[in-house]
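Take a look at this single chain, the form predicted alone, given in structure tokens.
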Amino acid sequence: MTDPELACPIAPVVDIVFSRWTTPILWALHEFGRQRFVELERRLPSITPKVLTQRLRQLERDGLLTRTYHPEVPPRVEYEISDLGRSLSPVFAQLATWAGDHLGDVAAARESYDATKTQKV
């Protein structure tokens, strides 16, 4: 019998791309171009510096962004979405379309479910 996690061909992609902070970081880099760490912090005020650092390192390791170190005084580091990261744009566009078309349906289904569960208690 095949393990369902291994049988699903998109499971590794979901793990890489849809972790908590990956999507907002990639969106910010795609939308606003090359940015320094502080700029990303300002665009994503809910993320802690530690988590931002961890996610940037992982995204660089996965090839979804590039990190450029400029040996100046003071040193400057910039992050930019890579071609591989940019190749996810159609996926995100499709998900945005789906969200626009169906998030209202999801909200309605949740309300219906919650109303049913509240009545039985």
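Position 1 is the first residue in the sequence shown; the rest follow in order. Here the structure is a predicted model, which means the values were calculated and not measured.
From this point on, the text means the form predicted in complex with the DNA, which you will not see here.
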property	result
In the predicted bound form, the residue from Leu44, Leu84, Val51, Leu95 that sits within 4.5 Å of the DNA by heavy atoms	Val51
Arg67, Pro74 and Val77 each touching the DNA in the predicted bound form (heavy atom, 4.5 Å)	yes
Proximity of Arg20 to the DNA in the predicted bound form, heavy atoms at 4.5 Å	yes
Close approach of Arg34 to the DNA in the predicted bound form, 4.5 Å, heavy atom	no
Residue contact check: His30 to the DNA in the predicted bound form, 4.5 Å heavy atom	no
4.5 Å heavy atom contact, Val91 and the DNA in the predicted bound form	no
